[in-house]
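Below you'll find only one chain, the form predicted on its own, shown as structure tokens.
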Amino acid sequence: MIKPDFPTTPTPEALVHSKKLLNHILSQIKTYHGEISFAQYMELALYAPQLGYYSASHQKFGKEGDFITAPEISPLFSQCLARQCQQILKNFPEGNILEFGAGTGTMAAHILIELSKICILPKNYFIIELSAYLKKQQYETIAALCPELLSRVVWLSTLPKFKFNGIILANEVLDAMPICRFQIIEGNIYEIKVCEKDNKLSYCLSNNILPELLEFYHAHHWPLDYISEINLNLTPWILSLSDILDTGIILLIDYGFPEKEYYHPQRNMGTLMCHYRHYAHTDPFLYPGLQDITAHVNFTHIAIAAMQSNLDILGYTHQAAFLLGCGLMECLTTAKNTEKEKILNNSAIHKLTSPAEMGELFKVIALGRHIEEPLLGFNLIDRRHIL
């Protein structure tokens, strides 16, 4: 694989860190008789304790990191989410919010600030975070932006054991879930695994196909030499959320497609993407631990998993329509901004809603239970676009 021409080279310290993780992964490959699944590799590369990309202590988000998420672009994004949360919380005085993977804590802080303004705060704002480094960053962000609301924030390492009422949020979380990769060669399906070659990471193909992957293969008609991926963790994850949700909504925001587009014949190299210092490329073996590894989300898979888990599909749309439905322009017009801030807001709105930016590639799906009122962010529910 050709080495990408990165705009910046990792520091010597960063390279030492990456080498430690590489050696750890190579030792795991030896333990598993010379090969591991790509999902296992992705799990190690992103989440290995103290070494994985999300576990290690280095900047990931923002201009100094590797990518910028919507909450970092503008508070307007979180203000719109707060309005959707308000619609649910107004019916549950003891309702909670639960956020997965809260990044820097920016979204949590701005949601709490906005809800405080309208006097509809959650009893608790739970954050599920496994990284000690990110938890510290989230604490510092919330303490700096809204110290008076910090007492409502509770960090968890697992899902709560009690029945949950309120809103479960996951913004750009599913794309970082470990995925299995596969390749179609001469009408046969092979799982793409990770092995060692000359003390380096390499791809290898396996005939020992997972039953789920084989079943999935028979349901589709792919052209020859087709490469893609499937998230086998998604269905059990949705089921785990269904198990704790009593009344409320699950709001999932990420980049991706419905299944017909996800597995389009022309998308024959899959959707795997890596990010390092705002440079996107497709080599997941380059600098393990220093770069993000992602795959787009199959939203049809989410919808099917939701129905199997007895959850209602309350809405599905793209990010631009969702934000506008939640009052994006009203948030903009009611803000008291300087001329410079107005210019920055206009630029942010373009990034968040333009089809050429995040507006249409990013989708929003709402799942729920015992919700009768149409949700603000979904003016038109048309399940044909997703199933």
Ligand SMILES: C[S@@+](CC[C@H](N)C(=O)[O-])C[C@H]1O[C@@H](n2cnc3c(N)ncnc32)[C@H](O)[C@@H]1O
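Just so it is clear, the model here is predicted, and its values are computed rather than measured. All residue numbers refer to positions in the sequence shown, first residue = 1.
The form predicted in complex with the ligand is left out here; the points below concern that form.
Contact check for residue 131: a non-hydrogen atom falls within 4.5 Å of the ligand in the model of the complex. In the model of the complex, residue 146 stays away from the ligand, with no heavy atom inside 4.5 Å. With a 4.5 Å cutoff on heavy atoms, residue 47 counts as touching the ligand in the model of the complex. Among residues of the shown chain, residue 270 is not one whose heavy atoms approach the ligand to within 4.5 Å in the model of the complex. Only one of 284, 289, 71, 315 lies close to the ligand in the model of the complex, with a heavy atom inside 4.5 Å, and it is 71. A heavy atom within 4.5 Å of the ligand in the model of the complex is found for one listed residue only; from 274, 159, 303, 177, this is 177. Partner contacts here mean any heavy atom within 4.5 Å of the ligand in the model of the complex, and among 342 to 350, 317 to 325, 31 to 39, 47 to 55 they occur only in 47 to 55. Taken together, 99, 102 and 173 are fully in contact with the ligand in the model of the complex: each brings a heavy atom within 4.5 Å. Within 4.5 angstroms of the ligand in the model of the complex, the stretch 253 to 277 places no non-hydrogen atom at all.
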